[in-house]
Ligand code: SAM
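Okay, here we've got a single chain as structure tokens, the form predicted alone, with questions on binding and movement later.
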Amino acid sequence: MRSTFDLKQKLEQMGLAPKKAFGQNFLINTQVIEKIVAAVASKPYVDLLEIGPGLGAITEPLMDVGRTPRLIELDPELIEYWRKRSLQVIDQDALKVDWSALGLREPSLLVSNLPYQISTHIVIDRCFSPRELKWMVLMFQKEVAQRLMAAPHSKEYGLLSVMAQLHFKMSKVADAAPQDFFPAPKVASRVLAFERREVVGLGMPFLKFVKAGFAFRRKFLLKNLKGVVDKAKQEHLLAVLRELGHSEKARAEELTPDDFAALFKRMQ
């Protein structure tokens, strides 16, 4: 597998440098790479996607074990590099890809050392992906990973926690220090594995509902939800909240993800 020296040498040979505009911090720690590849290889997927392959820290080891991914890449130089290697490349911003048009077969898996600036958007968007996408193995800034798996009543718990935990089972794969990347970011990172849950009756209106609930964390949930719940249903909202074991003074951070889902469905 690639070492720090090999990566820098390859960049020099290709006349490339990491681009801040694309959030490029190339993974170089072989132990972290091995754990990611093992997590991917353990799943019986049919189709494999990778966002932001870079110079192949994850891509190459996957190919070595017969797991060639389809790539999503925005950097023109890397698009050309991988196409010359005969890999299929979707040359689009990952946030703008029409996932329903990818023709994914069930079950599929997404892997990525995600650019930090798109990581939360990718998770929220994937909550609404076609069900064919069953697994994900993704790298995050450690703080974001903690928010994803945060428990109610904690300061990290919020919209991201509720959405991710309702739509996926999550587990930690590995931690990565700043020196495990080139160039080194200023923060630690964490890799999480996701497995899709069967979710019924939720969609974009639910995202709006939860977002409103956490809009002002110090306000009571009922006040936050006034803008997204019909006035005629607001008394019913309080009744359901009490049925779920919460008072009229409950704040969003007190509700579990399942509480949010039940509350939303009863308001429909």
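Quick note: we count residues from 1 along the sequence shown, nothing fancier. All values derive from a computational prediction rather than experimental measurement.
From this point on, the text means the form predicted in complex with the named molecule, which you will not see here.
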Looking at L48, I51, V37, L241, which has any heavy atom no more than 4.5 Å from the named molecule in the predicted bound form?
-> I51
Go through P130, P115, P152, P107 and name the one with a heavy atom inside 4.5 Å of the named molecule in the predicted bound form.
-> P115
At the 4.5 Å heavy atom threshold, is A94 in contact with the named molecule in the predicted bound form?
-> yes
Would I58 count as touching the named molecule in the predicted bound form under a 4.5 Å heavy atom rule?
-> yes
4.5 angstroms heavy atom contact with the named molecule in the predicted bound form for P18 = no
Within a 4.5 Å heavy atom cut-off, is P257 in contact with the named molecule in the predicted bound form?
-> no
Name the stretch, out of 74 to 82, 194 to 202, 163 to 171, 98 to 106, where some heavy atom lies within 4.5 Å of the named molecule in the predicted bound form.
-> 74 to 82
What residues, if any, in 17 to 45 have a non-hydrogen atom within 4.5 angstroms of the named molecule in the predicted bound form?
-> F22, G23, Q24, N25, F26, L27
